[in-house]
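We begin with a single chain expressed as structure tokens, specifically the form predicted alone.
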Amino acid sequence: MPYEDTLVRIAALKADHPQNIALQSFDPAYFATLNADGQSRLMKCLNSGIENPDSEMGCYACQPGDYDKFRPFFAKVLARYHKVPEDARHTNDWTLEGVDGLPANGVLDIAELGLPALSMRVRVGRNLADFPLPGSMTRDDRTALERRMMAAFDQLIADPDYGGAYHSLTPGNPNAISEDEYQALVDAHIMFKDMGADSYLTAAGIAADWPHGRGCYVSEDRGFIIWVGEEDHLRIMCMERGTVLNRVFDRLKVALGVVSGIDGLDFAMSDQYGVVTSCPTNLGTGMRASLHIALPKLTADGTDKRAKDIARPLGLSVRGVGGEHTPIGADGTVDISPSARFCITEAEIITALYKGIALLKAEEDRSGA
């Protein structure tokens, strides 16, 4: 029987790793109903969690249609992680009007909370509908997708609202940059790091063929960036230092319309689940809205533990300023973002960030050192 040894291994790992959502959601009886191709595809989705059983999620989609094709499996995964019913249906909506917690004037201005200008960022993951997802891409797929995106970037570069340049890591690409130039972009938190060091992405096939098909577009003002070839085909982000969250939110919305309006850039979507992303944690909106805020009192012990304890009930995630698993800033600066991505609208995410920051600042003001 194909996969007999793997099924035995999954059963053993399932017993030993109750936190691994993919393993806990795997049903051998459902797996047995799939044909050979379906079994092969589903096992590929699970490989990261099998090879890294300490994962919390433990799976990645590998084709744009995987969430719908393997709905009996992914519905359980999504329900466990996102705390939603198994038949949950996602709705995308960028309209702020009428969102609970939105100020009367519709402006999400953190200056009204007594905060100075802060680093603000809103990003989304997107995948092109007519390519495999990164976990199943060949080297040719990766470079073909990059070539298609370079044609799109030519249009952005010619637009005075964007300008800028595309920086490729692909050997022989006409826009290829040197190792020193790449490291400078990484150090400036503009470009992503070599994914080969990530065992989860490596086991999922997402890190394969590095650095072919990887690069980033950076606008002239460095406030609009598109990563090519990371965990998703595209990570599209807007950032600025300021106080009005609407500015980065609205700029991203407009920019997404520009990008998706370019010929050949249809984004992968699911009628049931919204925006299709490689990792189920990002499914739905694919959005992360964040800002960096100094919380010197809540981090007086040199850790973000107290901040996390307060933020978690507010639906907020706390990270180091360099991203997940990085240290907090010397002045107590942390990265704050709403945790939800699925069964929440884009407008609700940006408003949740504003509401959460208001409550977190109040706790900081009340806190003793």
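Small disclaimer: the values here were computed from a predicted structure and weren't measured. Position 1 is the first residue in the sequence shown; the rest follow in order.
Keep in mind that the form predicted in complex with a small molecule is not shown, yet the notes after this line are about it.
Partner-proximal stretch of 34 to 42, 328 to 336, 49 to 57, 300 to 308 relative to the small molecule in the model of the complex, 4.5 angstroms, heavy atom
Stretch with heavy atoms near the partner: 49 to 57.
| message | Is it the case in the model of the complex that 141, 168 and 210 each bring at least one heavy atom within 4.5 Å of the small molecule? | response | Contact check failed for every one of 141, 168 and 210.
Does the small molecule come within 4.5 Å of any heavy atom of residue 124 in the model of the complex? Answer no; every heavy atom of residue 124 is more than 4.5 Å from the small molecule in the model of the complex.
Check residue 267 for me: does it contact the small molecule in the model of the complex (non-hydrogen atoms, 4.5 angstroms)? Residue 267: no contact with the small molecule in the model of the complex.
Wondering, does residue 282 line up within 4.5 Å of the small molecule in the model of the complex on heavy atoms? Yes, residue 282 sits close enough to the small molecule in the model of the complex that at least one of its heavy atoms falls within 4.5 Å.
Is residue 231 close to the small molecule in the model of the complex, meaning a heavy atom pair under 4.5 Å apart or at it?
Residue 231: yes, in contact with the small molecule in the model of the complex.
Exercise. Counting non-hydrogen atoms within 4.5 angstroms of the small molecule in the model of the complex, say which of 192, 131, 162, 200 makes the cut.
Key: Checking each option against the small molecule in the model of the complex, the one that comes within 4.5 Å is 200.
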